[in-house]
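Below you'll find only one chain, the form predicted alone, shown as structure tokens.
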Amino acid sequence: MTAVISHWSQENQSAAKSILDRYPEKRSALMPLLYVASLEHEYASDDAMREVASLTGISAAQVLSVASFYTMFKAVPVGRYLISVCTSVVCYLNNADEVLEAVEGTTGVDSGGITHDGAISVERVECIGACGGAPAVQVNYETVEGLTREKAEALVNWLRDAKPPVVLADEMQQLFGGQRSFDWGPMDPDGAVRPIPAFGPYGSVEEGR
């Protein structure tokens, strides 16, 4: 029988078991297990990395080497809403610095910080693949394109006041976005429920309003 972490939630234990059962070589399950561990702990904590090490049969140092390479695995707690502002070259040339200043000014925290109530974290990131809709921002990895300083301020205030339980890219684009990279097509009713990329099989995605 595949071993799982007994104090994890039943949902995450089931997800971990399903992942491990798919991989004859357990170390190959490292990244999806890190994802599940991040759901359990809300970030890739030291405990989370030790638990993944025990499940895969590798050292905690080896887990750390992977977790520290991929920026979506956070080494410290983040807010309920993680605002990621792209400042790569195309976004920068389209006033991403003003968008970042607006986000930092409205939240009251610099890039890499978290608000005193733990609601919002802010980070500066490199390219998020939306150059045609620059400047682009993500909230819990849901993308909004074509923001302005004013719309960025409005986005922060909306997150703070409305406290949406599900963050939907389409909803934010309609409310705060501008020029898009391309036509997104049909509305997507599913979104992120945590500051972790929405991924249906592991319970980090829900249908919004």
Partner chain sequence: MTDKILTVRMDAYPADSQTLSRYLDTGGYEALTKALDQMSPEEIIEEVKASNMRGRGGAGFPMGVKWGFLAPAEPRYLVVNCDESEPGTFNDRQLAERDPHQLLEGIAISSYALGVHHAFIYVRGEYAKAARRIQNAIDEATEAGYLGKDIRDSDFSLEVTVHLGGGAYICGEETALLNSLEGRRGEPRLKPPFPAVEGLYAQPTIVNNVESISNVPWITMHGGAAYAAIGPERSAGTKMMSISGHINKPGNYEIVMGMTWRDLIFDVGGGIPDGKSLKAWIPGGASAPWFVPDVHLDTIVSIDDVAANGSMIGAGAVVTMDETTNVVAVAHRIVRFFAHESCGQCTPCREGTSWMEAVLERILQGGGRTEDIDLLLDISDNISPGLAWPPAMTTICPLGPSAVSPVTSITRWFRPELEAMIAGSEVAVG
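For clarity, a rigid core is taken as the largest C-alpha set superposing within 1.5 Å between two forms. As the structure is a computational prediction, the values presented were derived from the model and not from experiment. Numbering follows the first chain given and starts at 1.
In what follows, reference is made to the form predicted together with the partner chain, a form of this protein that is not presented.
Looking at V90, A102, V78, V109, which has any heavy atom no more than 4.5 Å from the partner chain in the predicted complex?
-> That would be V90.
The partner chain in the predicted complex: within 4.5 Å of a heavy atom of each of S6, W158 and P165?
-> Contact check failed for every one of S6, W158 and P165.
Does at least one non-hydrogen atom of D188 fall within 4.5 angstroms of the partner chain in the predicted complex?
-> Yes, D188 lies within 4.5 Å of the partner chain in the predicted complex.
Is Y35 close enough to the partner chain in the predicted complex to count, meaning some heavy atom within 4.5 Å?
-> Y35: yes, in contact with the partner chain in the predicted complex.
Touches the partner chain in the predicted complex: I128 (any heavy atom, 4.5 Å) | So I128 counts as contacting the partner chain.
Using 4.5 Å between non-hydrogen atoms, is G132 touching the partner chain in the predicted complex?
-> Contact check for G132: yes, within 4.5 Å of the partner chain in the predicted complex.
Does anything in 18-34 come within 4.5 Å of the partner chain in the predicted complex by heavy atoms, and if so which residues, in order?
-> R22, Y23, P24, E25, R27, S28, L30, M31, P32, in sequence order.
Does P186 move its CA by 2 angstroms or more between the shown form and the other one when the core is aligned?
-> Stays below the 2 Å threshold, so no.
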